[in-house]
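There is one chain below, alone, in structure tokens, taken in the form predicted alone.
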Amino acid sequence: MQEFSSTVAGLTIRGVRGGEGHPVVVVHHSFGHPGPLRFYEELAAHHAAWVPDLPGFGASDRPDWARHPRDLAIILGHFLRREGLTRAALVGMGFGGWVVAELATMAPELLSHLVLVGAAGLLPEEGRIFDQILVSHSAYVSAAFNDRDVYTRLYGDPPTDDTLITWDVNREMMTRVAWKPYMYNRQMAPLLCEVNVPTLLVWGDADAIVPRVCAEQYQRLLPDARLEIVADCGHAVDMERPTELAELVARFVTS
């Protein structure tokens, strides 16, 4: 994977990309990612994989005016157009899934396929989305993992100061755009019926961040959606089950 940068709406969007073939754009969790992941490498073996840092997260510039995930979705849409990634498959993780879903309601023509992995964005009919504001950074991120050893291998125990600073920057941006109401948008749900894009929903069976009922709600609301449950896995499917998720995405996109 190689680093890239792109200028959109006066902002520098940074990330990594690699591989050839049909473009697949991966949008990260609210806590970002710890750098190049096996999931990205395995995607790049089959497709042109792009992994941008959302505006205000990671290494990308912060749009001080952004106050809602739809604002980030608008910038993401312009990024896709700028880089010639129209008709790409979009894969969103958690909070990133919400951003991608918002984009799909506004510009479904930009997407060839939609993959939502433990996606936020809907108010759960039962239970609630884990509120990261109430706990420490490390407690929230570790709750995304069913396998503590995977979390420790990726982030350390304890995490480094640089990791904690990154989590703090990411959480501050998340709070700007997704705190009130926390991690859902009532206005998005009625629009999902217009997203005529083949959709794959992927949830870890032990997801402690976004309840599985949200997957079932997405499945009912989207016209062409199917659900895959990953066994013995938490919220961070891309990090706990990278090979399984890459295979699910590759089969879905090529089909």
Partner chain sequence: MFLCYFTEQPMSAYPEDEGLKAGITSVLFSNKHFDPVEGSRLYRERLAEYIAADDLGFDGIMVNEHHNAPYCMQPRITVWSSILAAVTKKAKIVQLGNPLPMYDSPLAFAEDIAMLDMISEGRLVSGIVRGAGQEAICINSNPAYNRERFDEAHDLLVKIMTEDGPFHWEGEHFQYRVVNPWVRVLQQPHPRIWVPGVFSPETIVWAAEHRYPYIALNTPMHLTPQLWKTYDDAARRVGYEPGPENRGYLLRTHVADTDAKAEQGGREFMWMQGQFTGIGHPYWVSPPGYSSPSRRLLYTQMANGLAPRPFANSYEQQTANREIVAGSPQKVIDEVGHILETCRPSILMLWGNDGKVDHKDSMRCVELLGEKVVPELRKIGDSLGLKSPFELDTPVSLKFTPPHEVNPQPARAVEA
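All values derive from a computational prediction rather than experimental measurement. Numbering follows the first chain given and starts at 1.
The form predicted together with its partner chain is left out here; the points below concern that form.
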Seminar exercise, completed: Partner contact check in the predicted complex: of 77-85, 99-107, 115-123, 161-169, the stretch with a heavy atom within 4.5 Å of its partner chain is 161-169
Exercise. Taking its partner chain in the predicted complex as the reference, which of Arg186, Arg67, Arg220, Arg38 has a non-hydrogen atom within 4.5 Å?
Worked result: Arg67
Exercise. Does its partner chain get within 4.5 angstroms of any non-hydrogen atom of Ser138 in the predicted complex?
Worked result: yes
Problem set entry | Contact test in the predicted complex: Thr175 vs its partner chain, heavy atoms, 4.5 Å | yes
Seminar exercise, completed: Checked 177-191 against its partner chain in the predicted complex; residues with a heavy atom within 4.5 Å, sequence order, are Trp179, Lys180
